[in-house]
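Shown here is one chain on its own, the form predicted on its own, set out as structure tokens.
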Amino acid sequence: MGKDKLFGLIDLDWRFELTKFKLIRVLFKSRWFPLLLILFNLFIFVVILLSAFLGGYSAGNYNFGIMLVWILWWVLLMLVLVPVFSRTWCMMCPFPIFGDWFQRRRLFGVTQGKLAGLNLKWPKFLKNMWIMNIGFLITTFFSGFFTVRPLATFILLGGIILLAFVLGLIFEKRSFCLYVCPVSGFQGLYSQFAASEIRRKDPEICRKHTLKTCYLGNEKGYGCPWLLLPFSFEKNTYCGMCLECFKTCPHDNMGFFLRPPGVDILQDTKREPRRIDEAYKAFIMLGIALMFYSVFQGPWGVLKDMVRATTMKGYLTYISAHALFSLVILPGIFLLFSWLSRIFSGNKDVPLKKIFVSFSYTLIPLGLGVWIGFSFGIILPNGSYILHIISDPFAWGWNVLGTANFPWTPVFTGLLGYLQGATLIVFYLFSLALGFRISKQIYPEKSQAQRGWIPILVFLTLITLIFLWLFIG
């Protein structure tokens, strides 16, 4: 990337290693970390599942499970964990713990030799995001139930945990996390914009270390559970940040770095190319965000009735429109603008598919900005409910922390639209700054890149204006 700078200010080559501090490095190399975080989150999710089951069909805003999952956890993911710390939720996620426990035959320590279970390889034609894409889209069809009916949340989370365990019995390592988990897909996509990364420090050290214990494992840790090559990967997309590579590297050559946001978006190599399944994840996430805002934060009561299945006809209409928009209409419109890009560039030798897929990565910053704005619209009006439910998680009349009677208190709702709009504009600018660099990667001549960029610029601006209208009015 040379001395290329975003906005003329941000050096894309800048890195700051957090693991140069001894305390952090010792922590990352310990087998207790992130195990203790996983066990803590497992405890929290047990309480979530119990409260969701006991809550049955009660009001969602007074249920521990719904408030913790759909308010606190989701907001933390979108506001902090993914944009700043990449896939750190995967590091501490309790969903695969039972599959890992079965495979390794222990929670703490290292099992040498072959892992338990069938250890089948995941089918090659499914080594992509398509199952996660469709699975996540389908779960959003039932969002009107998950967010208001505790039992629906219990069924969803319980089903994910059970599926993770069953697939752990059959397939090798973290195949569930890589190819099935509905939460994994959007984390992988948006982590390309994250302001942190795990990477090797000195490629020459890795080249000379022929044993490749970061991939194969040794007595101090397991070979990469995510089936990556820690000594060579360049994108966050499929790194679950499990920290096994820190434990198994005998040369302390793995590092956790802060970096400029969006660096991975500019990566397009033979080993880690831009892919159409990732492109569709970007469209699906943007389409879901538009639908969700319209339904849950917009003023249209008829949409709320449709998503909550007041009538079966309305509900089926919502599902059909939702799927059609995310899978066909939005990608179709973008395909048209991609075709216009090729026409404007004057270079008809560049494949339309390459233009379509490559420019779709400009939707990563914009989409993340939209979801951050949407998350503000969740936490600011509803965050005070959390103070109530943490004192009385099972709605049994407890007052553990003395906050059970804390009243509903919306915060900064008068400024909400402007906060959402300002956030969106910042991420829109990142989409433009990174997008023009993508255009220069697609087209061999600068003049072609400039002309070919114009239709994509128009598309991104139109999408931004639509969301600004929704946010601010």
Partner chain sequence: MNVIFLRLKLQICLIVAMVLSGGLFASYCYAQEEKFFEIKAKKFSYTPHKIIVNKGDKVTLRLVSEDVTHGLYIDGYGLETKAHPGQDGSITFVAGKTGKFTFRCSVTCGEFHPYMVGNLIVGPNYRFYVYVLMILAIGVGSGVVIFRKSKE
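Remember, it's a predicted structure, so these values are computed and weren't measured experimentally. Positions refer to the first chain, counted from 1.
Keep in mind that the form predicted together with the partner chain is not shown, yet the notes after this line are about it.
Worksheet item: Going by heavy atoms within 4.5 Å, which of 205-213, 80-88, 273-281, 298-306 lines up against the partner chain in the model of the complex?
Response: Answer to the contact question: 298-306.
Worksheet item: Within 4.5 Å of the partner chain in the model of the complex, do Trp14, Thr269 and Val357 each have at least one heavy atom?
Response: Zero of three within 4.5 Å in the model of the complex.
Discussion item. Taking the partner chain as it sits in the model of the complex, is Leu23 in contact with it (heavy atom to heavy atom, 4.5 Å or less)?
Written reply: Result no; Leu23 lies far from the partner chain in the model of the complex.
Fill in: Interface membership of Phe406, the partner chain in the model of the complex, 4.5 Å heavy atom rule
No - in the model of the complex, heavy atoms of Phe406 and the partner chain never come within 4.5 Å of each other.
Discussion item. I'd like to know if Gly144 sits close to the partner chain in the model of the complex, meaning any non-hydrogen atom pair within 4.5 angstroms.
Written reply: Close contact exists here: in the model of the complex, Gly144 approaches the partner chain to within 4.5 Å, heavy atoms only.
Worksheet item: Is there any non-hydrogen atom of Tyr62 lying within 4.5 Å of the partner chain in the model of the complex?
Response: Yes, contact at 4.5 Å.
Fill in: in the model of the complex, residues of 438-473 near the partner chain [heavy atom within 4.5 Å]
Those in contact are Lys446, Gln450, Arg451, Trp453, Ile454, Leu457, Thr461, Thr464, Leu465, Leu468, Trp469, Leu470, Phe471, Ile472, Gly473.
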